[in-house]
Each structure stands twice: as C-alpha cells, then as structure tokens.
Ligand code: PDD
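In the form predicted on its own, a lone chain appears below as structure tokens.
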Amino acid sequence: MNSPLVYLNGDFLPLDQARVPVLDRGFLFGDGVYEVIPAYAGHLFRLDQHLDRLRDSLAAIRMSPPLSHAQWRELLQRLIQGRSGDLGIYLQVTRGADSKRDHEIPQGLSPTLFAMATPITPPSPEQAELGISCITLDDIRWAHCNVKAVTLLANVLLKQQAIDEGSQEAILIRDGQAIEGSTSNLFIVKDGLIITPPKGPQLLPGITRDLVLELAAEAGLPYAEASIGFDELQNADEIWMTSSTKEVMAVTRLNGQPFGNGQPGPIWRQITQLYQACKERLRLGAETC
C-alpha cells in the first residue's frame, strides 16, 4: 500500500520519505508545539480556534507564527483533499535545526513544519454507553500546561500508569484539586450544574472543552468554571473527559470502583446528542458548529 502523503517544510511527500535533521531542536529538546485537528467529511473542525491556540503556544515559547491562518488552512485542506472519512490532523512546529546542541535559544533558524492526516474513529455508541475507567494520580507535569508543547513524557508516563492499572485515563490531582486528564479535559456534574476547572497555566485550554460550554449555554444548561476539589470529584453525580478525538466520554469507574450507578448520566446524554448534531452540521457544510 502506498505511504500516505504528509507535509514537511514546503513539500508534500510520502510518510516513509519524510526526514528531519538529527540536530532539530524538537528532537533534541522537545522545543516545539503541536495541534490535533479533526476533519469531518473534509471539513476542518474549529480550525480558527485550533490555530489561535497554536499561535498562543508559539508565543509562549518565543516563536512567531510561521504561517498565517489562511496559509495554514490552504495547506491543511490540500493535505486532506481526496481523503474520505473522518481524519485527525497532527500539526507540529519546532524551532528548527541548529549547527550544534546548545540550550541557548538560537536566532534565525527556519522552523520545522510537519503535518499528517490519519483516520480517526470516535467511540461507537456502544463504547460511549460503557463509559471509561479512570484513576486519580498526582500531577507530575511542568508549570505551563496551557502550552501545547511536544514535551509530553510526563503525560505518557501518567497515561501508561492508568493503562497498566486497567483504566483508559488518569485524572490529575495537584494541591488537592482535580485539574484535567493526561490527554483530556475534565468536567463534573453536581446537582444539575456542569463544572470544569477554569483556564490557567495548570491545564490545556481545550477546544472541545470550550465547545461543550457553548453547547450547554445554547441549551440553557447551567455551568460554571470553578476549581474541583478531590472530594468534589469523588462525590460528583457525573464525570466526563473531553478531547478533540475522544469527544465527550463519561467516566463510569473511578479508582477501580463503579462510579455512581456505573452508567453515563442524563446530562452527559444531552451534551453528547448536541455534540453529535454539531458534527453532523459540519459534515453537511456548515461553516462552524
């Protein structure tokens, strides 16, 4: 089977031919940022919001955007042109390759731009009905989790510990507060109120997170951006984890025990229906959802 085309520094070429220098700072230091952008039936999901977050991450690591929003859109549309089904686009920008390995940030490097599109399969209705299992773990990540950096070793270790213990995700606890998952944002529901931690350096400003709040507002569902203590997490009526590829998943087991009645809750069902309707509008050509 032919290797799929990817984008690398101005060229579209087969994945198995894509190469970067060993002195690229992304390889040596994790000196770069990334985005993951779904595309449904050829329509890019919330692209401007993803590119705004990419711009903010670049600014945080002292880099200027290498392309405008319009240039990114043209590039990504070309990348997915002719591809069927739902796709997840991985987009990465590193500071580029230097002539030596040095911690000091060099000036005048050409950034390395890479993008690829791979099929994504969201959870089936049957999987969604089962929900997911989570464990709680101490948050061992750095102090700037709002930057979508490629330095993900802590996330990898936390995710793997969850998998080793028979769960799909880890909910991270810092200073007694539930922050987010290793690869997802966190929501709880208590007495009909949807709660998610406020944006800040401790968590990623999730695109799906923001959409869930928009959908809740449009449906007249009460919500708040507020801290979630560990006890509040354990005593919630519902827990959800959200991401662009996993969408909105209900937590039905927590720390090895059934959570609540072991089934997704009623407000999760409302939000999931609204989310799926939003995706369908996008597939049919809506500008946004």
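Since this is a predicted model, take the numbers as computed values, not measurements. From 1 onward, residues are counted along the sequence shown.
Although it is not shown, the form predicted together with N-(5'-phosphopyridoxyl)-D-alanine is what the next lines describe.
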item	value
N-(5'-phosphopyridoxyl)-D-alanine contact in the predicted bound form: Thr245, any heavy atom under 4.5 Å	yes
In the predicted bound form, Leu75 touching N-(5'-phosphopyridoxyl)-D-alanine (heavy atom, 4.5 Å)	no
Exercise: Lys148 in contact with N-(5'-phosphopyridoxyl)-D-alanine in the predicted bound form, heavy atom 4.5 Å	yes
N-(5'-phosphopyridoxyl)-D-alanine contact in the predicted bound form: Gln168, any heavy atom under 4.5 Å	no
Answer option from Tyr34, Tyr40, Tyr223, Phe29, heavy atom within 4.5 Å of N-(5'-phosphopyridoxyl)-D-alanine in the predicted bound form	Tyr34
Answer option from Gln177, Thr136, Asn155, Ser133, heavy atom within 4.5 Å of N-(5'-phosphopyridoxyl)-D-alanine in the predicted bound form	Asn155
Interface stretch in the predicted bound form with N-(5'-phosphopyridoxyl)-D-alanine - options 120-128, 107-115, 67-75, 205-213, non-hydrogen atom within 4.5 Å	205-213
Contact check for Lys159, Gln161 and Arg253 against N-(5'-phosphopyridoxyl)-D-alanine in the predicted bound form, heavy atom at 4.5 Å	no
Those residues of 129-145 which, in the predicted bound form, come within 4.5 Å of N-(5'-phosphopyridoxyl)-D-alanine by heavy atom	Arg141
